Ligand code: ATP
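Here you get one chain, nothing else, as structure tokens; it is the form predicted alone.
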Amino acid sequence: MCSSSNLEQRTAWTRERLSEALGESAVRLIATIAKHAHAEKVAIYLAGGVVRDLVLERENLDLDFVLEGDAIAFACKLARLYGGETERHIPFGTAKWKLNSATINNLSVGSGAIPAQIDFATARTEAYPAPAALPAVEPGLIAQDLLRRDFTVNALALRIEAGSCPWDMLDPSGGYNDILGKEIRVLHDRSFIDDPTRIFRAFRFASRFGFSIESSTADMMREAIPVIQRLSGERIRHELDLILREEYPERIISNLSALGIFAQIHDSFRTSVRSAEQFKRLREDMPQMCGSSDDIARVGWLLLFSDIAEDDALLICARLDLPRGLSNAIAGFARLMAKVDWLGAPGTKASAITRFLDGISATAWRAGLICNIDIHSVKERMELYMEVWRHRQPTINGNDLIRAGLRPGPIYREILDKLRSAWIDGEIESEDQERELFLKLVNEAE
């Protein structure tokens, strides 16, 4: 039988209803996990975002389980039985079970969609030793675990029982009503003081679902803004990266900017007044050029810096502890934005533009194109660089230089660069003309 709970129960979910929402394969996977929890006499719950999205009727296959027991040991046992790997985070009592094709075969859940990994967490309580510090955790009960969460809409859980009876929704904080009312509400007064990353998440969820931020929650958020300065660069970077992967990141960025959040990260961090326009272009015009969602998010990072000079940009990169490759791309983008007038000037040679753009990453010139797409001369030259100029190379190579009797040294690079520039600038248009210029350059060198 299904057990009752003294927590407020808003609704119940049958196996059939879950199958309609998640797909039969995912429900078979949940049922298998429930069977093993029952055998271990461990209470297990499907919790957090997936339950919220069930209520919202949004697709979500991120399965997060909370156990009133040892989640790491439980995940490891499933991996021993069915295969796959576990990634354990002992201080927080959490584990990821990563599924591979053999694991899915062994689970016999069918051919439908299931997640690539499943999260397990021991139900816990949290205490924050200082504002913005990581919490100290202790094992607890599901009611305590739900009440430690960020927002009421994420403080929902389903008690998963073996068998086909309805699974009850646990809702200790009124999250179900807040979903219906389309509001983001924190669970306690010190929520943003304890963890100011919740400010970023509040705007992220509000934008994603079209919700508003409840008035007292907004007041508490404003009071906690200075605490952002205490966050590590890594934690802020993680939140910004998640924002840049949302469908409309510019809405979230605009709200954060209006509250002065970026200035709390670094004095020089300011977003462009054209940010909304730039991200719209990224979303609508650039997917084919940028490729994967990771590439698009990477270009999005650069757009955050479109009004920031290189020296300041590097200071912000250090504050956020950005990876070297991304920091270099941002620095190159800042150099490009500083040279826009030069790029569009009539007297600037194509070969000079090519040498300059060769020195920055593809991510940087893609972001530069987005920001300057309405300046015809700049757009035209950047597109010519991407499509034509950067691919132009002389047919003559180092072997020809050796045969010409030149001693190896910097002169090799100088001659090859001059030949390439001549091709790009249209000063030569055939191999015969290249050979003629080559002989001239060799004679000058000798």
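Each residue number is its position in the shown sequence, starting from 1. Note that the coordinates shown come from a computational prediction; the quantities given were computed from them, not determined experimentally.
Just so you know, the form predicted in complex with this ligand exists too; it's not on screen, but the next bit is about it.
Undergrad: Tell me which of 150-158, 333-341, 73-81, 258-266 has residues with heavy atoms within 4.5 angstroms of this ligand in the predicted bound form?
TA: So the stretch in question is 150-158.
Undergrad: For the three residues D64, T197 and R208, verify that every one has a non-hydrogen atom within 4.5 Å of this ligand in the predicted bound form; reply yes or no.
TA: The answer is yes: all three residues contact the partner (heavy atom, 4.5 Å cut-off).
Undergrad: Can you pick out, from R366, R298, R204, R319, the residue that has a heavy atom within 4.5 Å of this ligand in the predicted bound form?
TA: Exactly one listed residue reaches within 4.5 Å, namely R204.
Undergrad: Scan R52, R420, R381, R28 and let me know which has any heavy atom within 4.5 Å of this ligand in the predicted bound form.
TA: None of the others qualify; the residue that does is R52.
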